[in-house]
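Just so you know, structure 1 and structure 2 below are the same protein chain in two forms, each on its own as structure tokens.
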Structure 1
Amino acid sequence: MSGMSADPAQALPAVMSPLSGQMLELDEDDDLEVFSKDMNLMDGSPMNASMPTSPASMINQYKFEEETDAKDIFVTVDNPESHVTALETFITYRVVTKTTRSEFDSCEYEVRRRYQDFLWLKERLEEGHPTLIMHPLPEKFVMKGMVERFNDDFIETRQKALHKFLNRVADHPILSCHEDFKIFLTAQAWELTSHKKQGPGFLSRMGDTVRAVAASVRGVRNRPEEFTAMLEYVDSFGQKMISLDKVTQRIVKEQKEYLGELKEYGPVYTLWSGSEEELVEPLKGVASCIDRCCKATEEQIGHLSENLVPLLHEYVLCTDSVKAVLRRRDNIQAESEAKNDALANRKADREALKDSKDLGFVLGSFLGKKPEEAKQQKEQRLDSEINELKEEVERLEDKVECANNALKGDWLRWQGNMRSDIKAAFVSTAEKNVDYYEKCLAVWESFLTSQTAAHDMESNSGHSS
């Protein structure tokens, strides 16, 4: 079995899937690197004949090559447009898909989607794969500040977040194969609307919700240690993200105030130069340096606002996503435990029947039924119930196993993505800050050089010292 310890942050050892050979034949890539560093869907257990062949688990068994080599679908979200109808105003975004995948009839698609459509897609994917971790959608509403829904910055931020969401789905080996993803990318507006209507009916969705609520109320009994560790980690991690989000936004705020004062600073030197003679050049020089530093500061603020701030915010939302995934996993396990309990109860009843202690027969006999007949009837009924329950239990236990495997695999993938996202964002921020200081350095150094040169010229040309 795989050496999966309770610590979810530990990397899995490299495992070669026995099926990868098959995959290699199907694939035309020359690159033979099979080990995917961020996606290991196998939990390492040998192929088990008793493993149920649900589509999800089948895909679990296939190892995909490193995505960068095998990336065969590219999705972009851009070009927001406003639509005004009698009832509402909303924004649509252009979604362009380029793909070589065979499931797609064409290799290029362009459709327009609104936020609601993304929300629908997310829900469908969650339904199909409750324990896979998806990148979050941007929020529906913005609580803080007085951001209008159709403010340019808001739209741009939302668009980038939608782009990232869709790309993460496209990069996911399992999620990207979901039927609804394909429909989302390819269907015309009216097609999508009618397809949405065909989804699970209201009543069946109600049923799911009721079951989910019941399960969460019941609670899970024997949660495996590794999932508890995941929950604890996500909790801490979430707090850190919230803190970092706050700190970064505070930095932006302070930078903006600094910039405001700086903008008033340069002009005073220019004003001064108006009453001087010899000092005109150095004063104007300083004014110009400050102005150029202002521009650099503006760029720096922009970079921070467009990169680190949204990224940290995304990861705040991510932790909610992950927590929801962990809850759903718990619910699946709780459901299975409940069924097990029910089976145990029925078996106990069956046992009790043997002892004939059931008073129901006594009652039955009053109503004219022969006790022996009644007992037999009850026996039969219980047996059939027990068989049904056994099947159910097996089904649910498999469901739990699949859910756990899916989550374990996706957990590593999520961790890998998180590390690279965060690393990239902070590295980029640090780079930008270095760039900012280098720009300012150059500005002041050139001022100093020009001043020294001018002074040297003066002292060489005139004064006898």
Structure 2
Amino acid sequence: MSGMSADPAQALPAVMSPLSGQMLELDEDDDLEVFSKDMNLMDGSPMNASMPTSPASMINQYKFEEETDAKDIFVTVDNPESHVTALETFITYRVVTKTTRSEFDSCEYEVRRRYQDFLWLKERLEEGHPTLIMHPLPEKFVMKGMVERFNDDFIETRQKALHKFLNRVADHPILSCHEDFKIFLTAQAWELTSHKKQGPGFLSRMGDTVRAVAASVRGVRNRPEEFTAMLEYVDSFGQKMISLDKVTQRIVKEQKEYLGELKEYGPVYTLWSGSEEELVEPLKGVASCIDRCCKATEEQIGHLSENLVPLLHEYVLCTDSVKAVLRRRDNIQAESEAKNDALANRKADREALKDSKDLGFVLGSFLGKKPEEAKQQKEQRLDSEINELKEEVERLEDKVECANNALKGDWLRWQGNMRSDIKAAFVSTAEKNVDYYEKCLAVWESFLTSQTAAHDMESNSGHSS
């Protein structure tokens, strides 16, 4: 249930990290990206001291608290299809929507979307709500060493990431009501293409970029302490994720190397048994145990690769998203402060003009202009600028207040989702670890039992003879 919000009552130390391998950016098409595989949240039940105390049974009793709010929109991303044209190769995904919302003309929709469409949606949502925390999309990167561009694992990974992105948007009380989200879910491909062309043009986007850069250069003077604390938290959170991911990546790598050696190890015992008549059964038994441990190790590696590692990288990207939101909030405040400064300067100019005898007015009198008339014209111009700046300052102050309130509310939502996801991943990993070691333990205990019984039988037969 990747889109489910969780109760944020329980705090959890921040931990997670980015993929440690080198990355190679592909410049062919935006549909290539890699994103760690999504994970499925677990269900269990609260632990009770009177229940069985074996590790596996204790973990199985663990249950996460989930929100019971009724959902009115359900989105599924599945059924990927490959498309090959003369210019490019890309993947589209089926997006199925079921909803009871009145603003939708139907209760069910089915469309196909490619990665570029998801990217467009994310950009439009960020433009409309710059201080709401957006769940990350898969990256437009691929790990070095990947053999096939569109292998099954890669496509499945991308599909799960896109599914989680849409469901986090669908679960959001504000983002899910955005008109572009509705269009994304309902419009056919040609309709969506037409709608995209109606968006802001290149020059408009360039102007927004220039203003954002200017605001970031100016910086913000009086950032509220709560947002400074958010930034410090996210920085610390990101560092913990980086450390944790490096260790997890190393564990997966070492386990794969161990598995490779284990697979070479078992056949040695099988070959050996062919030349040792007295040790045939024990040697074959060891080979069988090793083979069963190999299978358990493969499952363990698969679980880490498909659940824990992907989640770590997902929240690395989430950390970057939160930092981007904080920067946009700072830019809004910086723009407001700049307008306030401009207004203060104009007011100072207006006050200085009252008592000044500007040389320019005197010189203007030689050109046939009356000094008082020129002064009055300048006062009128300054008054007009002051009034315009006042209106702009009021508008920006309202914008800052709305941005702050939006971010504060979404911060709690993000933390709740993050803590729920991390708890689920860690408990799932703990359960899988216990299951792995219990399987291996049972394999070798079975071997020891059989060998002990065989030894006892030999001893008894020896005594009787």
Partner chain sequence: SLPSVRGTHVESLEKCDMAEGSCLLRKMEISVAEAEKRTGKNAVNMQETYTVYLIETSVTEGHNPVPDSLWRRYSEFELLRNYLLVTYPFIVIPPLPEKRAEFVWHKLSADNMDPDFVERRRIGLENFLLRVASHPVLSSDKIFFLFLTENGWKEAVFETGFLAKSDSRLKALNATFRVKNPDKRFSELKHYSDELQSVTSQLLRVRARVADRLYGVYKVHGNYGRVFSEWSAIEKEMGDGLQSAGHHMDAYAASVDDILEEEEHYADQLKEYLFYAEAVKAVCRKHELLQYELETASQDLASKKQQQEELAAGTVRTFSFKGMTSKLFGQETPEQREAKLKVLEEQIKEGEVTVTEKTLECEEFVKNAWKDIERFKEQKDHDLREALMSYAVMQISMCKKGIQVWTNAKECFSKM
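Residue numbering: sequential along structure 1, first residue numbered 1. Throughout, rigid core stands for the largest set of C-alpha atoms superposing within 1.5 Å between the two forms. Worth saying up front: this structure is predicted, and the values here are computed from it rather than measured.
Novice: Of the two forms I pasted, which one is the form predicted alone: 1 or 2?
Specialist: Answer 2, the form predicted alone.
Novice: Is residue 266 one of the residues whose Cα moves 2 Å or more between the two structures, with the core superposed?
Specialist: Yes, shifts by 2 Å or more.
Novice: Does residue 234 move its CA by 2 angstroms or more between the two structures when the core is aligned?
Specialist: Superposed on the core, residue 234 moves its C-alpha less than 2 Å between the two structures.
Novice: Relative to the superposed rigid core, does the CA atom of residue 425 travel 2 Å or more between the two structures?
Specialist: Where the cores coincide, residue 425 shows only a C-alpha shift between the two structures that is less than 2 Å.
Novice: Relative to the superposed core, report the C-alpha shift of residue 450 between the two structures in angstrom.
Specialist: That residue's C-alpha sits 4.2 Å away in the other form.
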